[in-house]
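Taking the form predicted alone, here's one chain by itself in structure tokens.
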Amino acid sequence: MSYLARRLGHAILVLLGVSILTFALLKLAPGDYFAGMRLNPQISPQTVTALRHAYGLNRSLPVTYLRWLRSALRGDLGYSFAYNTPVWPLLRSRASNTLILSLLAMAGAWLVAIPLGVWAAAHRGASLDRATSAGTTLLLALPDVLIALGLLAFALRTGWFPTGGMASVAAQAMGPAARVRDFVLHLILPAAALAAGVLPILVRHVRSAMLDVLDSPYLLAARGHGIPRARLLFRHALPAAANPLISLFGVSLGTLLSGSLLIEVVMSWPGLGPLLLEAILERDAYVVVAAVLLSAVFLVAGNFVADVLLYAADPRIRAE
């Protein structure tokens, strides 16, 4: 358990570092939320100064950070100037939307990458392997924005999928089954765009891990005993190649979360991405800090889950 305790300690240090760096960057950036008020002749400089004092924007960086950290440990992530509301209720629904999109995209990407990478490795040098390599190269060359715009153009031409948002205007008047169907239709294109961005990396890592295992002596011996090819690949070779893929799991979650912020903006998905963009443009400091920190929490949680899976799958780690 000391292995997991060390990993948990590292995760806490990462979150502290992210929060400190975000606060420092916001403090060093010119202006704040109330800076634009100085241009309004109807608002006196004394009023702007009083507002900055009331919201603590005139304090030094260490004082501001320590006050925020004490309140964050109590569950209070600050106050949104633009929305005139506490930050956590504002982030809660947006974070759940981002998590739903990212988890679905991650599940879809892995469900496609594992069998595709395994069969490409098993048919090394064949037409299937070359087609897989060409397809992943093409997807790697395409920017995520271009993939999202292409899917939106496809939705506009066919009318099969909605072109943005999370629900239709008339969703409240629908029955439960129709509402679920409407939600799924709105979810398909953003999840597909997000999964397409990370799929080439997963396929190539699965293929590489499988190639390292397929030439091992014990698999050659198992093949000589007449074990069927599919069973040999998925029951023997894939578990042996699992360690690097489990480590990739946490990295893939972080990649999906960083990519989801852009996809959400392009495809109008009401997650953390549009909220973070608006907060940066409005210089809503506490919303920016909380959104970045929450994204870091998702990333750290994904890596911690990968560490737990590695601990369970590899007896060498437990022995250490």
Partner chain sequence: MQKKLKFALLGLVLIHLAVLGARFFAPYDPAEQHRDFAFAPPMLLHWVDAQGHLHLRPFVYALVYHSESSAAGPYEDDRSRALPLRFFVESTTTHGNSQSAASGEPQRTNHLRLFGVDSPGEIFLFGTDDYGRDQLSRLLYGGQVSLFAGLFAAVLSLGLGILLGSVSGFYGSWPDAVIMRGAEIFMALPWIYLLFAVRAFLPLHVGAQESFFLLVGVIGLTGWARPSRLVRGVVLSAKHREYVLAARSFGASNFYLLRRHILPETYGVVLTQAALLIPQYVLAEVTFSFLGLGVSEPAPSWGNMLAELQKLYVLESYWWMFAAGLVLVPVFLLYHMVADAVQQAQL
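Positions refer to the first chain, counted from 1. Values in this document were obtained by computation on a predicted structure and should not be read as measured data.
One more form of this protein should be noted, the form predicted together with its partner chain, which is absent from this view; the next part is about it.
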- Taking 4.5 Å between heavy atoms as the contact cutoff, choose which of A131, A153, A107, L73 touches its partner chain in the predicted bound form. A153
- Note on the structure: Checking I114, V145, L103, I201 against its partner chain in the predicted bound form, the residue with a non-hydrogen atom inside 4.5 angstroms turns out to be V145
- Is there any non-hydrogen atom of L25 lying within 4.5 Å of its partner chain in the predicted bound form? yes
- Message: So, S295 and its partner chain: in the predicted bound form, are they within 4.5 Å at any heavy atom pair?
- Response: yes
- Look up in the predicted bound form whether A306 has a non-hydrogen atom within 4.5 angstroms of its partner chain, and give yes or no. no
- Evaluate T85 for contact with its partner chain in the predicted bound form, applying a 4.5 angstroms cut-off between non-hydrogen atoms, and reply yes or no. no
- Message: Check for me: heavy atom within 4.5 Å of its partner chain in the predicted bound form, for each of T137, L277 and V300, yes or no.
- Response: yes
